[in-house]
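Next up is one chain by itself, shown in structure tokens, the form predicted on its own.
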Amino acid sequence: MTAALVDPLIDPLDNSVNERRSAASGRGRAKLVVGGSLVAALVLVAVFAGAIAPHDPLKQDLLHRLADPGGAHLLGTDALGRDVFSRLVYATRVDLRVGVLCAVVPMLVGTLVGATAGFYGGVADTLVTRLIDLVQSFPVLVFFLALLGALGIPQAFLFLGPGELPVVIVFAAVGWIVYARLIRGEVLRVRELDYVQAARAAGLSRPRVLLRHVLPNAVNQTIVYVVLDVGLAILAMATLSFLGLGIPAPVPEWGAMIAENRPYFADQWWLVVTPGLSVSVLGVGLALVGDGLDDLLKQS
């Protein structure tokens, strides 16, 4: 009798929850499609920059400086006569490469450190916590600029161009603490779950339990954050280049292009707007991908 009275009340609630989950999953997939399309388009531009760009991005033509868009120069030329469209295309390759590394390297470092601290606890957890507190005690911008000044601007390193390695190192030195705190909290939660305790009781080694049973179930939020962090890293790198502290000239980079062409904005506004629009499109695409992943992971 009681079940007959309660079931009609529970069924609509279950249906409502399922409908909300279905709607959230639909929104997540839509965000992934739109954001993924924007990001994929820019990735293709970066990969095939050599085939897309009609001119050498470093070649100067002072006889045709500040030329209007059209003809041989789709977006005109800058103050040194370099083709703006070609520089914009090659800048996509530079910004994407460095932006991904500036997010992935601190993510790997932070995940390793945070997982070790959260799973093993004790002295390891204390040391990591104190190290995080020490890094956070410095003003981030001052710490950032001091590291960049100390590292200087070395030439190309492996697949990185001039000035890119210091930027990656600085982002790793500052950014790992966010991932360490995030993964540490998740590992502290997951390590107490029944299946983890069962794995430990079965005699599996602690490193194997951590790598096979804890980490795969603790990295969901880290995956979402690293996608969003790529956009933030590119924006920060563009800001550093705008201030003259990032990728050195004459390497094409979106922030540097904005800084170089800012004096000519009144007459040749496209010289500044196009690299700024590129940063915005990539940022929006990555934000949509991150939000979409977050929606889908919450429903899983």
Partner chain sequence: MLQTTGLGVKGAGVTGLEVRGLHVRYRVPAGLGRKPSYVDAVNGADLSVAAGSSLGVVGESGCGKSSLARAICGIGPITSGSVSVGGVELTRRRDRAAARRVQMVFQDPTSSLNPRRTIGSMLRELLTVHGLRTGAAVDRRAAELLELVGLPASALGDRPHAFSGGQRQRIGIARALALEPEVLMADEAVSALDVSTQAVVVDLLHTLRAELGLSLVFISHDLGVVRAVCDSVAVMYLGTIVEQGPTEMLFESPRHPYTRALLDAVPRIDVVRPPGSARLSGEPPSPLDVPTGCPFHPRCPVAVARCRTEQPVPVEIDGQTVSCHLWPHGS
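Numbering follows the first chain given and starts at 1. Because the structure is a prediction, the values reported are computed rather than measured. We call the rigid core the largest set of C-alpha positions that still match within 1.5 Å between the two forms.
Only in words, not in the display: the form predicted together with the partner chain, which the text now covers.
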Residue 213, heavy atom within 4.5 angstroms of the partner chain in the model of the complex: yes
Residue 97 within 4.5 Å of the partner chain in the model of the complex, heavy atoms: no
Partner contact for residue 217 in the model of the complex: the partner chain, 4.5 angstroms, heavy atom: yes
Contact test in the model of the complex: residue 204 vs the partner chain, heavy atoms, 4.5 Å: yes
Location of the partner chain contact in the model of the complex, chosen stretch of 109-117, 85-93, 71-79, 195-203 [non-hydrogen atom, 4.5 Å]: 195-203
Exceeds or equals 2 Å, Cα of residue 130 between this form and the one not shown, core fit: yes
